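Single chain ahead, by itself, as C-alpha coordinates, in the form predicted on its own.
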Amino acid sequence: MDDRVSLDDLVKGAKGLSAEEKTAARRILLAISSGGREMAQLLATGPLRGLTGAAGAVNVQGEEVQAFDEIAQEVFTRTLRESASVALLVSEERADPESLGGGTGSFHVAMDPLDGSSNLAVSGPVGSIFCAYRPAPSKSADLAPEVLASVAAPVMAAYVLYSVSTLLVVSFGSEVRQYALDPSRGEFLPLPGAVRFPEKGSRMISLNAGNASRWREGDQRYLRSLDGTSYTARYVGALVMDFHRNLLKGGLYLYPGDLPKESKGAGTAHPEGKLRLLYEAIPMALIARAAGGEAVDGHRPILEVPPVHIHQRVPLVVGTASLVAEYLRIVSSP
(Lines give C-alpha, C1' and ligand atoms only; values in the text may rest on other atoms or scores of the structure.)
Protein backbone atom coordinates (compact mmCIF):
# COMPACT_ATOMS: atom_id res chain seq x y z
CA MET A 1 0.00 0.00 0.00
CA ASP A 2 1.36 3.41 -1.01
CA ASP A 3 0.79 5.28 2.25
CA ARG A 4 1.52 8.87 1.25
CA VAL A 5 0.21 11.80 3.29
CA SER A 6 0.20 15.31 1.86
CA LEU A 7 1.21 18.25 4.01
CA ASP A 8 -2.41 19.41 4.01
CA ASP A 9 -3.65 16.02 5.22
CA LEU A 10 -0.88 15.86 7.83
CA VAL A 11 -2.07 19.15 9.29
CA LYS A 12 -5.73 18.10 9.13
CA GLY A 13 -4.89 14.98 11.12
CA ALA A 14 -2.90 16.82 13.80
CA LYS A 15 -4.41 16.13 17.21
CA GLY A 16 -5.23 18.76 19.80
CA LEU A 17 -5.24 21.76 17.48
CA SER A 18 -8.15 24.10 16.92
CA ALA A 19 -9.31 24.95 13.41
CA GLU A 20 -7.51 28.31 13.65
CA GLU A 21 -4.31 26.63 14.85
CA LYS A 22 -4.44 24.12 11.99
CA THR A 23 -4.73 26.98 9.52
CA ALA A 24 -1.73 28.68 11.14
CA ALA A 25 0.28 25.44 11.21
CA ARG A 26 -0.43 24.85 7.52
CA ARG A 27 0.76 28.35 6.66
CA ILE A 28 3.93 27.88 8.71
CA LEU A 29 4.68 24.60 6.93
CA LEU A 30 4.13 26.28 3.58
CA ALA A 31 6.52 29.06 4.68
CA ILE A 32 9.15 26.49 5.67
CA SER A 33 8.61 24.66 2.37
CA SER A 34 8.95 27.89 0.40
CA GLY A 35 12.09 28.90 2.29
CA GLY A 36 13.56 25.41 1.96
CA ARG A 37 12.96 25.41 -1.78
CA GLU A 38 14.63 28.80 -2.11
CA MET A 39 17.58 27.76 0.06
CA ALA A 40 18.07 24.55 -1.95
CA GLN A 41 18.41 26.62 -5.11
CA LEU A 42 20.79 29.11 -3.48
CA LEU A 43 22.96 26.41 -1.91
CA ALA A 44 23.30 24.59 -5.24
CA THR A 45 24.98 27.63 -6.79
CA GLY A 46 26.82 28.85 -3.68
CA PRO A 47 30.30 27.67 -4.77
CA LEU A 48 29.90 29.47 -8.11
CA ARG A 49 29.20 32.71 -6.27
CA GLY A 50 31.82 32.27 -3.56
CA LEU A 51 29.28 31.99 -0.75
CA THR A 52 30.63 28.91 1.05
CA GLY A 53 32.94 30.68 3.50
CA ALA A 54 32.77 32.85 6.60
CA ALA A 55 30.97 36.19 6.57
CA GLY A 56 33.55 37.87 8.82
CA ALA A 57 31.22 38.20 11.80
CA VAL A 58 30.41 36.39 15.05
CA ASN A 59 26.82 35.62 16.10
CA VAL A 60 25.19 35.82 19.52
CA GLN A 61 26.45 32.29 20.24
CA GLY A 62 30.05 33.44 19.84
CA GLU A 63 30.35 31.38 16.66
CA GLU A 64 31.79 32.45 13.33
CA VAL A 65 28.96 33.35 10.96
CA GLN A 66 29.03 31.76 7.52
CA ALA A 67 27.72 33.72 4.54
CA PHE A 68 24.79 31.36 4.15
CA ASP A 69 23.82 31.68 7.83
CA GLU A 70 22.70 35.24 7.19
CA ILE A 71 21.10 34.36 3.86
CA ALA A 72 19.06 31.59 5.51
CA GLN A 73 18.11 33.94 8.35
CA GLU A 74 16.74 36.47 5.88
CA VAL A 75 14.97 33.88 3.71
CA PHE A 76 13.10 32.13 6.52
CA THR A 77 12.32 35.32 8.43
CA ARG A 78 10.69 36.65 5.26
CA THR A 79 8.67 33.52 4.48
CA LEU A 80 7.54 33.09 8.10
CA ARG A 81 6.53 36.75 8.31
CA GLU A 82 4.54 36.40 5.09
CA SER A 83 2.69 33.43 6.59
CA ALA A 84 1.00 35.83 9.04
CA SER A 85 0.96 32.92 11.49
CA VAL A 86 4.06 33.54 13.62
CA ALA A 87 3.72 35.88 16.59
CA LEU A 88 7.32 35.68 17.84
CA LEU A 89 10.41 34.28 16.12
CA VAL A 90 13.54 33.07 17.94
CA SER A 91 16.64 32.35 15.89
CA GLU A 92 20.14 31.12 16.57
CA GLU A 93 21.37 34.12 14.59
CA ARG A 94 19.60 36.80 16.65
CA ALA A 95 20.09 37.74 20.31
CA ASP A 96 16.44 38.62 20.94
CA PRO A 97 13.05 37.35 19.75
CA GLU A 98 11.48 39.22 16.84
CA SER A 99 7.81 40.08 16.66
CA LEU A 100 6.34 39.06 13.30
CA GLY A 101 2.80 40.15 14.07
CA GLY A 102 0.98 36.91 13.49
CA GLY A 103 -2.77 36.51 13.62
CA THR A 104 -5.50 34.16 14.81
CA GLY A 105 -4.07 30.87 16.03
CA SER A 106 -0.48 32.07 15.66
CA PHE A 107 2.47 30.24 17.18
CA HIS A 108 5.90 31.12 18.47
CA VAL A 109 8.60 29.62 16.23
CA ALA A 110 12.21 28.88 17.15
CA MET A 111 14.66 28.08 14.37
CA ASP A 112 18.23 27.28 13.47
CA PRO A 113 18.12 28.68 9.93
CA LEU A 114 21.21 26.79 8.75
CA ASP A 115 22.57 23.95 10.85
CA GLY A 116 26.11 22.75 10.06
CA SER A 117 26.92 25.67 7.77
CA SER A 118 30.68 25.16 8.11
CA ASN A 119 30.17 21.97 6.05
CA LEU A 120 29.45 24.12 3.02
CA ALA A 121 33.17 24.77 2.53
CA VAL A 122 33.49 21.10 1.49
CA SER A 123 30.03 20.76 -0.13
CA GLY A 124 28.78 18.76 2.87
CA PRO A 125 25.13 18.33 3.94
CA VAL A 126 23.43 21.05 5.98
CA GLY A 127 19.93 21.63 7.29
CA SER A 128 17.36 23.99 8.78
CA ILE A 129 15.48 23.22 12.04
CA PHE A 130 12.15 24.59 13.29
CA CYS A 131 9.86 24.17 16.28
CA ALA A 132 6.43 25.76 16.75
CA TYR A 133 5.18 26.43 20.28
CA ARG A 134 1.67 27.31 21.42
CA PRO A 135 1.73 30.74 23.12
CA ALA A 136 1.02 30.70 26.84
CA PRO A 137 -0.06 33.57 29.10
CA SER A 138 2.92 35.54 30.34
CA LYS A 139 3.04 38.28 32.95
CA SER A 140 6.14 39.82 31.39
CA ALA A 141 6.10 42.62 28.86
CA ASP A 142 9.40 41.35 27.47
CA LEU A 143 9.38 39.01 24.48
CA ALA A 144 11.88 36.43 25.75
CA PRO A 145 9.86 35.42 28.86
CA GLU A 146 6.78 35.21 26.64
CA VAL A 147 8.55 32.69 24.42
CA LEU A 148 9.89 30.71 27.38
CA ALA A 149 6.37 30.43 28.81
CA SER A 150 5.32 28.62 25.63
CA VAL A 151 8.16 26.05 25.55
CA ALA A 152 6.19 23.50 27.59
CA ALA A 153 3.76 23.21 24.65
CA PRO A 154 5.68 22.27 21.47
CA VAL A 155 3.16 21.64 18.71
CA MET A 156 5.19 20.87 15.62
CA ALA A 157 8.80 20.14 14.71
CA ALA A 158 10.35 20.12 11.27
CA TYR A 159 13.69 20.12 9.54
CA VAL A 160 14.93 20.51 6.01
CA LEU A 161 17.92 18.43 4.91
CA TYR A 162 19.90 19.78 1.95
CA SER A 163 21.93 16.94 0.50
CA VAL A 164 21.79 14.75 -2.63
CA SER A 165 18.07 15.43 -2.41
CA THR A 166 16.26 18.07 -0.37
CA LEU A 167 13.99 16.53 2.26
CA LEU A 168 11.41 18.04 4.58
CA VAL A 169 10.69 16.00 7.74
CA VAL A 170 7.67 16.97 9.85
CA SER A 171 5.96 15.78 13.03
CA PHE A 172 3.02 16.98 15.07
CA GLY A 173 3.96 14.50 17.79
CA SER A 174 2.08 11.37 16.71
CA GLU A 175 4.03 10.30 13.61
CA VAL A 176 6.90 11.47 11.41
CA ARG A 177 6.53 12.08 7.68
CA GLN A 178 9.03 12.84 4.89
CA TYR A 179 8.65 15.03 1.82
CA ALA A 180 11.12 15.27 -1.06
CA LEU A 181 11.61 18.37 -3.18
CA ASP A 182 10.84 17.81 -6.85
CA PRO A 183 12.98 20.51 -8.53
CA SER A 184 11.04 20.26 -11.78
CA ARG A 185 7.78 21.11 -10.00
CA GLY A 186 9.17 23.20 -7.17
CA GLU A 187 7.12 21.18 -4.66
CA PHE A 188 7.78 18.95 -1.67
CA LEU A 189 6.04 15.68 -2.49
CA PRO A 190 5.18 13.04 0.14
CA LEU A 191 7.19 9.86 0.48
CA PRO A 192 5.31 6.69 1.48
CA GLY A 193 5.02 5.53 5.06
CA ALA A 194 5.56 7.03 8.48
CA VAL A 195 9.19 7.02 9.64
CA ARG A 196 10.23 5.11 12.77
CA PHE A 197 13.58 4.21 14.29
CA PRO A 198 14.29 0.58 13.38
CA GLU A 199 14.82 -1.12 16.75
CA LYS A 200 16.57 -4.02 15.00
CA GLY A 201 18.54 -1.69 12.75
CA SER A 202 22.22 -0.88 12.83
CA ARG A 203 24.11 0.47 15.84
CA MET A 204 25.36 3.72 14.33
CA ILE A 205 27.00 5.94 16.93
CA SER A 206 27.41 9.60 16.01
CA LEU A 207 29.81 11.52 18.22
CA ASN A 208 32.98 13.55 18.03
CA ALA A 209 35.45 11.30 19.86
CA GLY A 210 38.10 13.99 19.46
CA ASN A 211 36.36 15.91 22.27
CA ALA A 212 36.27 12.93 24.65
CA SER A 213 39.08 14.21 26.89
CA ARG A 214 36.78 17.10 27.85
CA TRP A 215 33.76 14.94 28.71
CA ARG A 216 32.51 13.96 32.13
CA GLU A 217 33.44 10.52 33.43
CA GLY A 218 30.04 8.98 32.63
CA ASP A 219 30.26 9.95 28.97
CA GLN A 220 33.87 8.82 28.75
CA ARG A 221 32.78 5.52 30.30
CA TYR A 222 30.11 5.15 27.62
CA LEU A 223 32.69 5.72 24.88
CA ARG A 224 34.98 3.11 26.44
CA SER A 225 32.07 0.66 26.59
CA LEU A 226 31.87 0.73 22.80
CA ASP A 227 35.30 -0.89 22.45
CA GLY A 228 34.98 -4.42 21.18
CA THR A 229 31.27 -4.07 20.34
CA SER A 230 29.69 -4.19 16.91
CA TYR A 231 28.89 -0.58 16.13
CA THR A 232 29.47 1.76 13.22
CA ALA A 233 30.87 5.25 13.77
CA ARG A 234 29.29 7.93 11.59
CA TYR A 235 29.64 11.66 12.30
CA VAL A 236 29.13 14.49 9.79
CA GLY A 237 29.03 17.42 12.20
CA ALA A 238 25.61 18.63 11.05
CA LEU A 239 22.87 17.66 13.51
CA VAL A 240 20.20 17.34 10.84
CA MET A 241 22.27 14.92 8.75
CA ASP A 242 23.51 12.84 11.69
CA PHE A 243 20.02 12.62 13.19
CA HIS A 244 18.34 11.80 9.88
CA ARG A 245 20.74 8.98 9.06
CA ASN A 246 20.19 7.42 12.48
CA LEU A 247 16.42 7.89 12.17
CA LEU A 248 16.40 5.80 9.00
CA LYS A 249 19.13 3.29 9.86
CA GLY A 250 19.00 3.06 13.65
CA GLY A 251 21.57 4.69 15.89
CA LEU A 252 22.48 7.18 18.57
CA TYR A 253 23.64 10.81 18.35
CA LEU A 254 25.67 12.06 21.30
CA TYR A 255 26.85 15.61 22.06
CA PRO A 256 27.55 15.69 25.81
CA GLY A 257 28.49 18.52 28.10
CA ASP A 258 32.14 19.19 28.90
CA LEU A 259 33.92 19.17 32.22
CA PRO A 260 33.80 22.59 33.89
CA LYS A 261 36.94 24.64 33.32
CA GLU A 262 37.91 24.43 36.97
CA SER A 263 37.86 20.62 36.89
CA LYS A 264 41.00 18.59 36.48
CA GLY A 265 41.60 17.75 32.84
CA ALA A 266 40.76 19.64 29.68
CA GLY A 267 37.43 21.27 30.47
CA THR A 268 35.90 23.91 28.20
CA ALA A 269 33.37 26.70 28.33
CA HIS A 270 30.48 24.33 27.50
CA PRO A 271 29.77 22.25 30.61
CA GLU A 272 26.08 22.60 29.73
CA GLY A 273 26.59 21.24 26.22
CA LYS A 274 26.69 23.10 22.94
CA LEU A 275 23.32 22.45 21.30
CA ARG A 276 20.43 24.82 21.92
CA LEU A 277 17.28 23.65 23.70
CA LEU A 278 14.55 25.60 21.89
CA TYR A 279 15.58 25.16 18.26
CA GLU A 280 17.80 22.09 18.17
CA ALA A 281 17.19 19.71 21.09
CA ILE A 282 13.41 20.04 21.54
CA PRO A 283 12.48 19.71 17.84
CA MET A 284 14.71 16.64 17.47
CA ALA A 285 13.29 15.21 20.70
CA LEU A 286 9.72 15.71 19.48
CA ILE A 287 10.51 13.98 16.18
CA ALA A 288 12.48 11.22 17.89
CA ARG A 289 9.71 10.37 20.34
CA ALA A 290 7.09 10.38 17.56
CA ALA A 291 9.33 7.92 15.68
CA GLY A 292 9.62 5.55 18.65
CA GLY A 293 12.95 6.95 19.86
CA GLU A 294 13.99 9.11 22.79
CA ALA A 295 16.12 12.15 23.60
CA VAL A 296 17.76 12.97 26.94
CA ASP A 297 20.18 15.53 28.32
CA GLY A 298 22.26 12.78 29.89
CA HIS A 299 19.84 12.25 32.78
CA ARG A 300 16.27 13.30 31.97
CA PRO A 301 14.13 13.56 28.84
CA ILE A 302 14.82 16.68 26.79
CA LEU A 303 11.09 17.43 26.74
CA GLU A 304 11.21 17.77 30.55
CA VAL A 305 14.14 20.22 30.71
CA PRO A 306 12.90 23.55 32.15
CA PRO A 307 13.72 26.49 29.86
CA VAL A 308 15.55 29.42 31.42
CA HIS A 309 16.93 31.26 28.39
CA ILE A 310 15.96 31.41 24.72
CA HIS A 311 19.51 30.38 23.71
CA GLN A 312 19.90 27.83 26.51
CA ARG A 313 22.37 25.02 25.73
CA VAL A 314 21.91 21.39 26.74
CA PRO A 315 23.73 18.09 26.27
CA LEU A 316 21.85 15.97 23.73
CA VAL A 317 21.65 12.19 23.41
CA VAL A 318 19.00 11.17 20.87
CA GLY A 319 18.18 8.10 18.85
CA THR A 320 16.84 4.57 19.04
CA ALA A 321 15.09 4.08 22.38
CA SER A 322 17.08 0.95 23.30
CA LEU A 323 20.38 2.69 22.62
CA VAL A 324 19.36 5.72 24.71
CA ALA A 325 18.40 3.36 27.56
CA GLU A 326 21.76 1.59 27.23
CA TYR A 327 23.56 4.94 27.37
CA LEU A 328 21.67 5.98 30.52
CA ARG A 329 22.45 2.66 32.20
CA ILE A 330 26.19 2.98 31.50
CA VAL A 331 26.61 6.64 32.48
CA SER A 332 24.66 6.15 35.72
CA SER A 333 26.54 3.00 36.81
CA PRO A 334 29.35 3.47 39.37
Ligand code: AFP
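Bear in mind that the values here come from a model prediction, so they are computed numbers and not experimental data. Position 1 is the first residue in the sequence shown; the rest follow in order.
In what follows, reference is made to the form predicted together with the named molecule, a form of this protein that is not presented.
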query: Each of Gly237, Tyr255 and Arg276 near the named molecule in the predicted complex, meaning some heavy atom within 4.5 Å?
result: yes
field: Heavy atom within 4.5 Å of the named molecule in the predicted complex - residue from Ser138, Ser118, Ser202, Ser99
entry: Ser118
task: Could you work out which of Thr229, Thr232, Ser165, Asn208 is the residue within 4.5 angstroms of the named molecule in the predicted complex, going by heavy atoms?
output: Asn208
message: So if I measure heavy atom distances to the named molecule in the predicted complex, which of the stretches 247-255, 176-184, 130-138, 144-152 falls within 4.5 Å?
response: 247-255
query: Counting only non-hydrogen atoms and a 4.5 angstroms cut-off, does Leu114 reach the named molecule in the predicted complex?
result: yes
